[in-house]
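Quick heads-up: it's one chain on its own, the form predicted on its own, in structure tokens.
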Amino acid sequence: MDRIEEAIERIESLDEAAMDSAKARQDTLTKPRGSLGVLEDISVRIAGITGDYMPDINDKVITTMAGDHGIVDEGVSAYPKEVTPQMVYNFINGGAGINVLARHIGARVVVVDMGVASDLEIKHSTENFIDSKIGYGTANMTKGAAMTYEDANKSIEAGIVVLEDEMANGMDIVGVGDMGIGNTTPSSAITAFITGEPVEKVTGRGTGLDDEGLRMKIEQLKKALVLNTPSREDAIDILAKIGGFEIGGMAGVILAAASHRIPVVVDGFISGAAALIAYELSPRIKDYLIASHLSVEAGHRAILNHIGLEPLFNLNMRLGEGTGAALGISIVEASCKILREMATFEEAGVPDKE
């Protein structure tokens, strides 16, 4: 049994007893029952995920996975692929949006090279970078498969290893984020193929394409889907034919987190595509997923609808990196603090009308 099968085998149902106890406690807190709405629901679900009716969120981790894409050669991005390694250095040095928001919520960022198309020159020892490179970017999927089946499998396994290794440093919750110029294109391909929605409906402007650029992007996506014909019954084949290394890595993180009863906060469109791959491998991961926000990217709603998730907020974000996940983690932490720290009617000496 390989790592992927082992992870899938370990994914269990939510702990109903912990959820019942959490719900019972919520109903005794000094507030009208249900008055904190989704915050109450989140805390109950985290109880079910962790098996603890008063879960405590302390060790917060965001994995930001990077990879390049051969289809960028077809002009599907407004930025060149050289931006990918430059942004990886920015992540490592703490200067990116995700670093700011991670510091804001007290999370650590783990940057992973899954398939950057160059050798990164890390000039000093750093604990926040992991080299899990599968290849120097994917192949151009308008001319053939983005990667081999074996490499697709390796990318998911690498994500599992990253998650399990990071658990040794403490992990109560994990957010998944991405970096990769052009990666809205494979994400649109995955979304269209799995959800059955038209390519036009799930393809957006990415980093800022104009109308002609968007038209060409849709054209190239249709070409790639016709050429590659993935197997609808094999999520790894879908990833191999039209995916990306960082998408596979995030899918692995999601599977591993669920297998260890760790809640996963999904960022936006790219990490949503990874969640689709993970969901196709094991629908049981749905219970462990929390959708942070609704991305501006056109296909994100189709992903959430397919899995059956509702986003916590909509701030018109589309940066990626795990920025939405960071904000989502802060909401999850707040929900658990309400459950743990708010006084009950009995403790406060307040009569409970209900």
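Numbers follow the displayed sequence, beginning with 1. All values reported here derive from a predicted model rather than from experimental measurement.
Below, we refer to the form predicted in complex with a further copy of the same chain, which is not included among the displayed structures.
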| item | value |
| --- | --- |
| Arg232 within 4.5 Å of a further copy of the same chain in the predicted bound form, heavy atoms | no |
| a further copy of the same chain contact at Asn90 in the predicted bound form, heavy atom, 4.5 Å | yes |
| Thr28, heavy atom within 4.5 angstroms of a further copy of the same chain in the predicted bound form | no |
| Proximity of Glu341 to a further copy of the same chain in the predicted bound form, heavy atoms at 4.5 Å | yes |
| Triplet Ile194, Val199 and Ser282 all within 4.5 Å of a further copy of the same chain in the predicted bound form via a heavy atom | no |
| Listed range touching a further copy of the same chain, judged in the predicted bound form by heavy atoms within 4.5 Å, from 311-319, 62-70, 45-53, 298-306 | 311-319 |
| Position in contact with a further copy of the same chain when the complex is considered in the predicted bound form, options Tyr136, Tyr149, Phe129, Tyr79, heavy atoms within 4.5 Å | Tyr79 |
| Those residues of 82-104 which, in the predicted bound form, come within 4.5 Å of a further copy of the same chain by heavy atom | Glu82, Val83, Gln86, Met87, Asn90, Gly95, Ala96, Gly97, Val100, Leu101, Arg103, His104 |
